[in-house]
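What follows is a single chain, given as structure tokens, in the form predicted alone.
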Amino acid sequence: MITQFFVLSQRGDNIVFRDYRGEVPKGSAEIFFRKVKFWKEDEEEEAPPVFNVDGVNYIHVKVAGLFFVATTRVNVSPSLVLELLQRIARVTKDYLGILNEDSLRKNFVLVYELLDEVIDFGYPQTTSTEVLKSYVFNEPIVVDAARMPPLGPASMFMQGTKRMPGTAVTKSVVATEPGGRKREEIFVDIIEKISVTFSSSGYILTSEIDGTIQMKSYLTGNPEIRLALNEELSIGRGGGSVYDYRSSAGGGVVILDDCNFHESVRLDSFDVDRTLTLIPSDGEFAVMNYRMTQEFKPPFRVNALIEEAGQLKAEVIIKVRADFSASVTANTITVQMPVPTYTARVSFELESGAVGQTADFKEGAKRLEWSLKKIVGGAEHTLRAKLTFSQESHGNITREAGPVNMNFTIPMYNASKLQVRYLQIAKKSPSYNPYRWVRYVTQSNSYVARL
């Protein structure tokens, strides 16, 4: 199926390389990196996940700043190979605890042992951390998690708060801790990716939530777990429009369009009390994936305006308002807006007293970029930009600019109101009381405002 697998650093250094079939030249890693670094085709800034050079298909994903790449000359399913690459990254992270260049270099013997079990002659065999524990016997060399940000949901949670240890999910699932004891704990992450499109007048045209409940278990003996969701949870669009923002103990009414569950989940009592029963496997896995297109309250309102301000000049105003509680803070927000291709210069005017905000004009891409370090719930921020053109506009200027695109992460917030009521673990003894961590995060998937 695949001929080669390799992992490259951001500088193009070859960290891991495996040639399974000898059908592709050895210099493929260098060809791939040069193509990705200097990609300029079809007016795109970044290379697509799949492309072909001289009859060789290059399929890659970027995880934690590393390129995971597979090559092949045959016409394989791209989605299958992309899923395989993501799973290799996940299994590697399960074993090493943290995924970065340093951890891969220090554990290259373990990584090659994993690859030999995961792929045989270019064909995937297994990507289950649970199954691999029977065949892989090298102990990982633990890397200090504080040196580089970890892969996955843990890196975005709880920044600046003290509710949970920051390095908790950067532990290996196989390494023993000093003293020979494992800390009994389990992590449940409710991660939601939001897609919203606003009209030029601020109305919501489309809205959708793609959510997943991720679990990572460090419990010994694989005890049975009961995970209870909102009692007023409905699946399938049987009812009318629901605009319920209550935050009661049960979480209020939640209507999901559809969902699917991990193979280990038993649904014996799900229809009765919305409880999932499972015995968690080792490593990180998705307990449940769900999709929601019912109306929900978007976390941000975005308004943008562009209008001519004299000959060869125009003014842009972008407003962002946080429509969530003041106790919640959004992190790493970026707002981007394409401008007319004949824009020569841009001057920005940030609001007075703006802290942690930067604005830049990406001349090559003809795009405004506004970055905010954080936005507290209830706050409103405005950016003004004055554009100078190299020629006169011959049409409607609003058709040649926009739309506005927004990226953000909001820890401890979820737009769907899906909640974990309780997380029950079967007791092995009266004194058995493992740590339970339940966390929420909302991210933007496609958050767009039209002009």
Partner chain sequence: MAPPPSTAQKSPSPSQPSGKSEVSDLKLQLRQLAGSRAPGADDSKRDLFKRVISYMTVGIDVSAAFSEMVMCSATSDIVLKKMCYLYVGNYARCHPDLALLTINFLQKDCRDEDPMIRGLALRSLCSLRVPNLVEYLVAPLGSGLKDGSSYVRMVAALGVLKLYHISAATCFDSDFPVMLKSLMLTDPDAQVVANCLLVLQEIWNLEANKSEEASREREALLSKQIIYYLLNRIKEFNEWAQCLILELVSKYIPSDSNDIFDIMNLLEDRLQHANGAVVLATIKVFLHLTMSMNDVHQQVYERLKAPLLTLVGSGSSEQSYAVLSHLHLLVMRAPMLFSSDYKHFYCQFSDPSYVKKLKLEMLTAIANESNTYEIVTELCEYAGNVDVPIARESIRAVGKIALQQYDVNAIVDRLLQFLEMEKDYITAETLVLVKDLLRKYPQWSHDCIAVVGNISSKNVQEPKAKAALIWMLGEYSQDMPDAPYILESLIENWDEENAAEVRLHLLTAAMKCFFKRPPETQKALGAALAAGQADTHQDVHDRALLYYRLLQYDVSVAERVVNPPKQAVSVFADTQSSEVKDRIFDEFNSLSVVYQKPSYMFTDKEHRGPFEFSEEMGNLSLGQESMDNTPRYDESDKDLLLGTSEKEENGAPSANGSTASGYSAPHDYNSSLVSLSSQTRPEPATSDPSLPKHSSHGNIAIDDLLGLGVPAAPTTPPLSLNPKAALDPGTFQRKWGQLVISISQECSIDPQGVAVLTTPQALIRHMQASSIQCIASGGQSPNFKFFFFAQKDDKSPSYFLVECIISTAAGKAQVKVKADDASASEAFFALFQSALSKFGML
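Numbering follows the first chain given and starts at 1. Keep in mind it's a predicted model, so treat the numbers as computed, not measured. Under this definition, the rigid core comprises the largest set of C-alpha atoms superposing within 1.5 Å between the forms.
Not pictured, yet referred to below: the form predicted together with its partner chain.
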{"item": "is_contact(G22, its partner chain) in the predicted complex, heavy atom dist at most 4.5 Å", "value": "yes"}
{"item": "Contact label in the predicted complex: F51 to its partner chain, heavy atom within 4.5 Å", "value": "yes"}
{"item": "Its partner chain contact in the predicted complex: N14, any heavy atom under 4.5 Å", "value": "yes"}
{"item": "Contact test in the predicted complex: N222 vs its partner chain, heavy atoms, 4.5 Å", "value": "no"}
{"item": "Listed range touching its partner chain, judged in the predicted complex by heavy atoms within 4.5 Å, from 276-284, 376-384, 263-271, 347-355", "value": "263-271"}
{"item": "Heavy atom within 4.5 Å of its partner chain in the predicted complex - the one residue of L233, V76, V302, V142 that qualifies", "value": "V76"}
{"item": "Heavy atom contacts to its partner chain in the predicted complex at 4.5 Å, residues of 60-88 in sequence order", "value": "H60, V61, K62, R73, V74, N75, V76, S77, P78, S79, L80, L82, E83, L84, Q86, R87"}
{"item": "Large Cα shift (2 Å or above) at D116 between this form and the one not shown, core-fitted", "value": "yes"}
{"item": "Cα displacement of T212 between this form and the one not shown reaching 2 Å, rigid core superposed", "value": "no"}
{"item": "CA of S9, rigid core aligned, shift of 2 Å or more between this form and the one not shown", "value": "yes"}
{"item": "Distance direction in the predicted complex for the C-alpha atoms of S264 and S77, relative to the displayed form (3 angstroms or more)", "value": "closer"}
